[in-house]
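What follows is a single chain, given as structure tokens, in the form predicted on its own.
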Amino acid sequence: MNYVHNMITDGLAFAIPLFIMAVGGIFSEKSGVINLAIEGFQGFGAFCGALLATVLGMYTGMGTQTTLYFALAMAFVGGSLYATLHGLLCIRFNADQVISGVVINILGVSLTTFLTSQLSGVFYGSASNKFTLGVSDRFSVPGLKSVPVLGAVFTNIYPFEIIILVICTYLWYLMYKTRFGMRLRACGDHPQAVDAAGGDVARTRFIAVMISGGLAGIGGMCFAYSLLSQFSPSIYLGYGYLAIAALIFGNWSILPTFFVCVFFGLARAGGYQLCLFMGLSSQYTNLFMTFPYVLTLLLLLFFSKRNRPPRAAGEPYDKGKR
């Protein structure tokens, strides 16, 4: 029972940050901008948050838990600012959106690795490729945590899991219940109609890309505080691409994407718990934790033909096109 309990707890701790990154991707792609740059947004946003957390921890004496909230806010800002590069390339200069995303990912790894190495020499006296952050506190809900099996959902919860769920609930409302959300979705399906109605397609798409960057930064910061307890190049572990896979399997809809992320999270945690159950050495852990990626390949076989991406995704907007 403990293995199942731990699988659910750890699976949700992985799935929920992945979910907010996927939601960011949905905002971008629903507006008509293909976003393969989530990995880079995640890393750069997490770098900015980790930098602020390090400064606050060293010079103000704040504890790990207090700095986490400032770091999450800074990660959103950093990810949003970095996303403007993708927005400028794709929206202003009509660059190929796939190539732009790949280049931004590569640039993000190189840039943050260099900056982390240089700044760690200032903070710690010796060059290193990481910022040490510590691990976030966790809490359990009294009463509910003792419920068989489902009690695991309410056990050892990271505070950022609640924050993310609140943010994503608002984003669902913004996407499906507001005028902005309706216009954003129209930009991805029929941008000419938005323009004819007096909307600004380029502005809407740019805002969507910035939202995507900020949300990816939050996700990266959460992984840094939960999975790694530090910021380093190891933050780029393919989670951005997994978030892209989740939103595709979720058919670019927020609620289905949530369940896909939970499925990926449980698969990852289940692989780890299976490794422990079988008594295998730690060298097999990474092999078992590839389960989400194997499942991605299998799901592609069954669901790729059923997906319906936004019709104008990847197409630069041309006012003269009708």
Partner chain sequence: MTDQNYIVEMKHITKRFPGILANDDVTIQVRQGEIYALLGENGAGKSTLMSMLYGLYEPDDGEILIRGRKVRFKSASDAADQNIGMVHQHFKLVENYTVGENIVLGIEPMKKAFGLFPYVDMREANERIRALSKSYFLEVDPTDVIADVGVSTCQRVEILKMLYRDAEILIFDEPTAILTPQEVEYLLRVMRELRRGGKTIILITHKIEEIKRVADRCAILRRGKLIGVLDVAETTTQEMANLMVGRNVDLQSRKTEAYFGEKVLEVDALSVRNDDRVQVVRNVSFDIRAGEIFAIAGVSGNGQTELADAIAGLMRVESGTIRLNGRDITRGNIRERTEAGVGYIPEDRQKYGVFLDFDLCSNLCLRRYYKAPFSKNGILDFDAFGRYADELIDDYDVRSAQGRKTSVRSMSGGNQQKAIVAREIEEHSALIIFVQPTRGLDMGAIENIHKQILAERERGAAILLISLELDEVMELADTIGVIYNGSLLKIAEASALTSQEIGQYMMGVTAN
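Positions refer to the first chain, counted from 1. Just so we're clear, the structure is a prediction, and the values are computed from it rather than from any experiment.
Not on display, but discussed next: the form predicted together with its partner chain.
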Looking at Asn94, Ser128, Thr169, Thr178, which has any heavy atom no more than 4.5 Å from its partner chain in the predicted complex?
-> Thr178
Does any heavy atom of Val98 come within 4.5 Å of a heavy atom of its partner chain in the predicted complex?
-> no
Does its partner chain get within 4.5 angstroms of any non-hydrogen atom of Gly198 in the predicted complex?
-> yes
Its partner chain contact at Phe139 in the predicted complex, heavy atom, 4.5 Å | no
Does the 4.5 Å heavy atom contact test between Ala193 and its partner chain in the predicted complex come out positive?
-> yes
Just one of 100-108, 215-223, 114-122, 169-177 has heavy atoms within 4.5 Å of its partner chain in the predicted complex; which?
-> 169-177
